[in-house]
Every structure is written in C-alpha cells, then in structure tokens.
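In structure tokens, the next block holds one chain alone, the form predicted alone.
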C-alpha cells in the first residue's frame, strides 16, 4: 500500500476499466449476514464443504473462486462488522471517499486487473503531474528527483542495481530455496547497505523506502524478505515508482468497493460478526470451526488472514511447529504502527504551484504524502502516512490533526493550515489487524517460509503474505485467495 520514489516517465497504461458504478453508494444493499443475539443462543451446528476465515480481499476471492469451481457449499466468516480487511473507505463529503488502507494498483498486477474488470469497477490514473517534494537528510527539495550530487546518484544507482541483481536469483515465491538463504535471512538490509554503500545518501533513501514499503527500518528487516518482496513484484523499480509503478492507479469508488462487490455476489454466504475462536481438525471426523456466534462443521478450511492475526485462533491439534514459529515470530515483529490520515481542503491548492502533492522523507514525522483528491478535483485531499512511535508528540488524535497541518505547511505552504476536515485510521488500534504492512525480521523466512502457504492437514492458507507474486499488495491477496480455493477444490475431489 505504500511506496517511495516518484517518476514522471511516460505513463505505461495498465488497465482502463470502464462501466459499472463508480462510488460505494452504487453497490446496493449488501446481502451478507450479521450475527444476532438469538442466533448466538439458538443456532444449530451447520455443515459446509468449506469455511473461509476472513472477508478481506483474499478471503472473498477464495469464496468467489470456490463458487466458480462448483463448490457452492461454503461460508466466509468475518470478525468485523464490515468486509474489506486492510482496505477501508471513509466518506469525506460530496459523495466522495478516501482510502485509509490499501488503495493502489499498477502495471503487471494481472490478478486484480482481471477481477475489477469482471466486477465492472473502474480505475483512474493517480495525479502525479508536477514536482515531488523530498525531505532527505534534512534537505528539502522539489523536482523529478531529490537534490543529489553526481557521486550520490551514482552510488545509489550502483547499490540499487546490486540489490535488484541479487533479487533476480530468488526462486519466485520460494526464497527459502535460494542458495545461502539462511545466511541472507540472518543479514539485515541495513547490514548489507553498510557493506555496499559508499555515501550516506544511499542508506538514507533506503531508509525512506523501508519505512514506506515495509513499515520498518533497514537494520531490522531481513535481507531475504526484502529480496523476496522485490522478486515477487518484478524488481525494485516497480515497487518504488509511483507513476508507472505499483502506485499508478486508484480504484473508482475506493478500494474497499472491490470487497463490497464480491461480498454482494456471494450474498448470505458472507457472515459478519463471527470471530473465529477455534478450529479443530481431527482426521477421523469433520472439521469444527467455532465462532463467537455459532459452530460450523466443514470438510476444509481456508484461513485468509495475515500470519500474525492467526495467533488469536486456537488450532486443535496444534499446527506444525514451523508454522507456529512463523506466526509467533511475525507477531513479535518490531514494525512501525501506522496511521494513515487524510487532510481535507476546499481544493487541491498545491497543484496551482506546480506540485503534485507527493512528499517523501527519511526522517520527518510524516513518512509519505500523496494527493488523494477525487478524480474531478472538486476538493483537495492530502493523505499522510506516519508512525506515532516516531512522533510521540502526535500520539493524541487532536494533537495529531493540528501537528499534521503544521508539517504539511512546511512542505506545501501556509494554505495547508486551512484544512476543512480530517479523517484517519490508526491501524495499531485496530482490534482485528496487527498492522496494515508486515515486514519480516531475520531468521524467520528461511526457517518456516514454506508454511506461509503449505496446507496444515485440511487447513489451507491465503492472504497477501502467502502470495508468490506481488506479496504484500492487493494483487497478491487476490491471487493467494484464488490459489487456496483451487487447492481446496482439488483436495475435495480426492
């Protein structure tokens, strides 16, 4: 969901999907169900062929694919009172929404491109016309690239090329199979940069990238995880580019509309307010899935959640030790808890000054800023990413709103103080997600990475972290859900 450096190279058209509604309000009344007090007391055990846990992009795609494959006896269970997982739209007036979770799509993301085409959902180009603002090593500059000397530019280019070349050696989706995988996994990105960079500028830029893309610092993130992430996206450039990269386009109606549309198609198979408490997989019996509202029996289960979020479910018998270690290690990650905030304005005033609204920093309280205004520019929106851990003076929400105005004024001038509204999502405070972005610390991926998607008995794993391609992105969530559904279908057929 996050990105770093911006380019104004000629836009590579990715997908122009036409037709269909363009706002969340056009979806119509949802057909999925919520648990009632009566259901909690009186509902009988219900048997289905498959239970899908999680109604985010991956879980809903798994349900959609099950239905396509002819498995129509299934339910999708969601703990929240909404669908969408780590995508979330917030209304900002005038019939518009702003995404406070994942939102962008880009070239090469074929799974999500095909899905929104089928769902009749449109996409439009993100606004990148004008200069980007950079705050790197305390130097504020504007332009296509940050102010940089020839020596610094050459050093960054060399190191980026070396990292890309190393990433290309990774077996796609299976980094643990790479030669010297364990050694690469024990090395941090920070250690590798210290060995290869010759200027301070290069580590500073990679610090910017790691804060934005992996929500962590180079000295804490496994080099193997970084290489796997880059390999799954086709290299460093697709990840860090905005225009023409992973942040190329936005979804009409906001990214959550994708999940809402899929849930509407699945109807009453999607059950909200069903936090799964326990999954039993006794080989001689039907599986049992116990929720906060009722109990299901099933032939197969798909868990479409971030690995760390599965720690709150009791599995009986216990999962393989390697899977348990992976989950517990993921849950202990020293990630930067993210807040994604949107400051609202009467108009996108920065455009008149030749700025595109983007800002990227390696040390500012704000990691990233994007122009998230509606496509028609009828109002202005600057979306900001920050971590309260890095700016404790902004821990209080009211202080955060005022503090962000002042920070934005540093980059975009005094008009940034004249905000008309403010919305935010503090992912660290979300009761059902341990975060919106998941880095991986040294030692975990090489030891247990294959258990990201290796079935545990009759339990199958989805979620963007398990994707072979575009791991960590909405596209990865879609492909992982479809893959898990195919595995369940094959398993049910014997």
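As the structure is a computational prediction, the values presented were derived from the model and not from experiment. Residue numbers count along the first chain shown, from 1.
Although it is not shown, the form predicted in complex with a small molecule is what the next lines describe.
Trainee: Name the stretch, out of 182-190, 304-312, 143-151, 199-207, where some heavy atom lies within 4.5 Å of the small molecule in the model of the complex.
Mentor: It is 304-312 that comes within 4.5 Å of the partner.
Trainee: Would all three of 175, 239 and 451 be in contact with the small molecule in the model of the complex, where contact means some heavy atom lies within 4.5 Å?
Mentor: Checking in the model of the complex: none of 175, 239 and 451 is within 4.5 Å of the small molecule.
Trainee: Check each of 261, 300, 231, 274 and return the one that places a heavy atom within 4.5 angstroms of the small molecule in the model of the complex.
Mentor: The residue from 261, 300, 231, 274 that makes the contact is 274.
Trainee: Work out which of 87, 132, 372, 222 lies within 4.5 Å of the small molecule in the model of the complex, going by heavy atoms.
Mentor: By the 4.5 Å heavy-atom cutoff, the listed residue in contact is 87.
Trainee: Could you confirm whether residue 485 comes within 4.5 Å of the small molecule in the model of the complex, counting heavy atoms only?
Mentor: No.
Trainee: I'd like to know if residue 340 sits close to the small molecule in the model of the complex, meaning any non-hydrogen atom pair within 4.5 angstroms.
Mentor: Taking the distances in the model of the complex, the answer for residue 340 is yes, it comes within 4.5 Å of the small molecule.
Trainee: Determine whether any heavy atom of residue 323 comes within 4.5 Å of a heavy atom of the small molecule in the model of the complex, and answer yes or no.
Mentor: Flag for residue 323 set to no.
Trainee: Considering non-hydrogen atoms and a 4.5 Å limit, does the small molecule approach residue 103 in the model of the complex?
Mentor: Judged by the heavy-atom cut-off of 4.5 Å, residue 103 is in contact with the small molecule in the model of the complex.
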